[in-house]
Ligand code: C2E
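The chain below stands alone, shown as structure tokens; this is the form predicted alone.
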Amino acid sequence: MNINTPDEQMGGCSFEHAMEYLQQIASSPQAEAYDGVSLNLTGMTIINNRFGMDNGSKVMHAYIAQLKSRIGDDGVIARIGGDRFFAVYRKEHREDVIACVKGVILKLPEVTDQGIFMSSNAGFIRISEEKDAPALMNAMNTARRIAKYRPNTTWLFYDEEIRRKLNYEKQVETMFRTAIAAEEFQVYYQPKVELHRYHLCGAEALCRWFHNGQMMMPGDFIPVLERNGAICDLDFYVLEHVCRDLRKWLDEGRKIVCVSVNLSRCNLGNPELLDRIVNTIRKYSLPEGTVEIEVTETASEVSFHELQKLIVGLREAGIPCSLDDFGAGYSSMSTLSEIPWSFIKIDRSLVPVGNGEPKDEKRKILIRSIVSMAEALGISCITEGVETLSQSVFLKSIDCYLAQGFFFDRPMPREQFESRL
């Protein structure tokens, strides 16, 4: 078999030939001697925006050439699509391949005088783990996806821990439809506090899953639902229940506060998203400004424009919107200048802990600057993760008068929140 059939774009094999080779190795006695890796290049959107698409292709080509030089003459590399590739190689080249995944400096004088650092998110597997090429590919891709969201690493080997994780995810996926129909998900409310008089001024709706009498925490199921897209259904389940609760409290004559509902970015591809949000809220005849939509920013240019269109539409419908987790990722100034936010929620990672260390002083400078900038833009700030009195006092000193955190209240079930109202 000719494993060096050229790929016209990147100098590797065609995907079909590479899969045939993977199957050939997997079903042979040589399987123990080989690894597989699925990877996607990081930062290609930024590189394409900075240098242009043509130069971006040159950068990608140079990185793949580096990887190809490390997998040996009997290794194979193929493009899956876009900036995603996979390779099969003898395991004695493992450390060289991992080093390339971690990152290399590319010298491309025709693109820039400076070196370009390129790395990948990657999932590895020992070929002997499976006998079937598609199963091997699924396992590699799973390890890659997990690595992408795991802190302090960009790559993982598929192992027994991941296998157990996959089995758990399948259980969650199987249980979800029945659970949502049986209303096993309950809305919890975490109060927001106005710091002038320390009184309740709003709340964030959060979700807890009660199954067989046991509470499942969001970290145990939200990431699974985000990966398979089911989070979109859960978002609207929560929105519906929040609107229902608010209507009930109004009918009982209670003085209500604005409740924010989180919206996953997975929803952004839905062309009916705006209408569905607006219609759900209007169905309950709620006063304007009663429900707020919280959403995190996105690094994708396409998603940015979808997000911009959504927020503009919601604001025109009288629905306030907040930018969640501001400062936790790669916050873009265009997100603030081009999208009409009502609020930005400053991430807990920027809240000074009060230990006087240089890092803590930098947090104070950053959060003070964010509050000042937001005020100049006509955007209100709320800080999450407030856990001490000294943090509350500091926020008041920089004119940030909205806060949320365990110092005030933990998330609480509906009945307990009712008593706060």
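Note that the structure is predicted; figures quoted are calculated from it, not measured. Start at 1 with the first residue shown and count on from there.
This protein has a second form, the form predicted together with the ligand, left out of what is shown; the following refers to that one.
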Any idea which of 174-182, 136-144, 309-317, 260-268 reaches within 4.5 Å of the ligand in the predicted complex, heavy atoms considered?
-> 260-268
Sole residue of Ile293, Ile222, Ile256, Ile162 within 4.5 Å of the ligand in the predicted complex, by heavy atom = Ile222
With the partner omitted here, the residue among Gly72, Gly103, Pro218, Gly289 that in the predicted complex has a heavy atom within 4.5 Å of the ligand is Pro218
Gly56: touches the ligand in the predicted complex, heavy atom cutoff 4.5 angstroms = no
Contact between Cys207 and the ligand in the predicted complex at 4.5 Å, heavy atoms?
-> yes
Taking 4.5 angstroms as the cut-off for heavy atoms, does Glu130 touch the ligand in the predicted complex?
-> no
Look up in the predicted complex whether Asp235 has a non-hydrogen atom within 4.5 angstroms of the ligand, and give yes or no.
-> yes
Near the ligand in the predicted complex, with a heavy atom at 4.5 Å or closer, the residues from 374-393 are Glu384, Gly385, Val386, Glu387
